[in-house]
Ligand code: BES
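Okay, here we've got a single chain as structure tokens, the form predicted on its own, with questions on binding and movement later.
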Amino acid sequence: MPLHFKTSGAKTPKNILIAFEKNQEDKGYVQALAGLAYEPTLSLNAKDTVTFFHHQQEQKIIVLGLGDEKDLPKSYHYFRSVVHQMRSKAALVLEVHGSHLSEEYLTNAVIGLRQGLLNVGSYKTNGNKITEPELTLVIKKEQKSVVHKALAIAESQLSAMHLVDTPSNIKTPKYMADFAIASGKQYGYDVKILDKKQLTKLKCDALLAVGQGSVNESVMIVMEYKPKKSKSKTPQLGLVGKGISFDTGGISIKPSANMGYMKSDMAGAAAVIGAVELAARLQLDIHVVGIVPAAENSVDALSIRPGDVIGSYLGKTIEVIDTDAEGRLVLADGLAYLIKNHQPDQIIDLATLTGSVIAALGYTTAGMFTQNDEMASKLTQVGTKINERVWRMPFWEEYATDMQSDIADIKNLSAKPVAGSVTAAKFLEAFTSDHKNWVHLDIAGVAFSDTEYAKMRTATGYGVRLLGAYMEQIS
């Protein structure tokens, strides 16, 4: 891995990066480091940089501004941006001074530096020949544990980002299952895969209905991480992630514009896989089960139709109004399976579920739907601290009436062109068996977006760090 750390600096590194909070810059240190005859004027805003050259030692000194306290949650972006801008320069060697940083800033520095090395062009003909910058982080000995933890977070995020960015002709439901199996073997958690035959026997009819028009069969991925000393059979936390490997919209087909981005419709699944992996990497003291109902929503003679009535694992019947409202169908079986077979104390599901949540909240926060004030408060607090924000949406019972069907127990889409994210969450609530500690996160606006790190939309890794921080808090 091209990111290393050590407890003393190199003698003559060609490039040095040092970051300071606004108005806390050590100008004397920069003066000495750059061999300047004067004390430099800095006072940099967040993400600003200024470069000095030490001509005698042929060094370039880059000073990065971290801004004020309010900028701390986003500071990993500042480090990532610097590395991203430099990565095109072959054989770049960069030494980053981090021994003066607080634990929070150092964590974000490590995450940003590691993410800055991400190669999104792995499918280019020269994709594996790109020369990565060589990064060395200089820290104190007592900061090693902080760095190791931050690296685990970053690597788990990169696992999720890799999954989301993988093209759907490669990323089938089976591919996601194999990915989880490999991760479980490497990091020490159990993975069980329920295939079509088993899902049919279990009557996971909603999940199977979504995938029945595809040549790639549906699966349900069941992951379980349990601390070695834990004796409890009941998980403290259950996670469910929407795993639609590609979404054409089915017979209710989507417009062609930007349909290629529907490879990201399993970002909720990627977040859950990444979060379970992170719990195992950090050996958190929490028993967690992750469920990924995975399917490809395709168009075929066998595809479900608008107007069809299908079953579900819970036994409720569903009138399919729109086949493009498929994510809630697979989540219905995933939630019901989790609750019946594992009885977790708390449940969080994540899904790129609706365009409505983007219309309401944009691309800066996920929509949160829950009846549980305590879980909502904790998720809001941890999300704000790490820039993976959530915003609690209204969730009153009046919205449930919009999901009533004349011929089935429930329908999968409201007839009203309003409150789409809320009514979608109300549909899911019907499959939670009135579990008191359940939160639904609609991450459609934050999981896959335009960034400075790619020419097109790309994965953000949203949810992995949020779930990791939440697991630490409740454990």
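Numbers follow the displayed sequence, beginning with 1. Fair warning: this is a prediction, and the values are worked out from it, not measured in the lab.
Although not depicted, the form predicted in complex with the named molecule is the subject of the following passage.
Answer yes if any heavy atom of D265 is within 4.5 Å of a heavy atom of the named molecule in the predicted complex; otherwise answer no. Flag for D265 set to yes.
In the predicted complex, V83 touching the named molecule (heavy atom, 4.5 Å): Outside the cut-off, so no.
Residue-level question: is P167 within 4.5 Å of the named molecule in the predicted complex, judged on heavy atoms? No, P167 is distant from the partner.
Report yes if any heavy atom of G362 sits within 4.5 Å of a heavy atom of the named molecule in the predicted complex; otherwise report no. So G362 does not count as contacting the named molecule.
Thinking of the named molecule in the predicted complex, which stretch from 110 to 118, 348 to 356, 152 to 160, 215 to 223 has heavy atoms inside 4.5 Å of it? Among the listed stretches, the partner-contacting one is 348 to 356.
Joint contact, K242, D324 and A444 to the named molecule in the predicted complex, by non-hydrogen atom at 4.5 Å: Looking in the predicted complex, the three residues K242, D324 and A444 all sit within 4.5 Å of the named molecule (heavy atoms).
Listed residue that, although the named molecule is not shown, lies within 4.5 Å of it in the predicted complex (heavy atoms), from K192, K254, R392, K185: Only one option qualifies, and that one is K254.
Sort through L413, A430, I62, A46 and report the residue having a heavy atom within 4.5 Å of the named molecule in the predicted complex. For this set of options, the contacting one is L413.
Using a 4.5 Å cut-off on heavy atoms, which residues of 170 to 198 contact the named molecule in the predicted complex? Not one residue comes within 4.5 Å of the partner.
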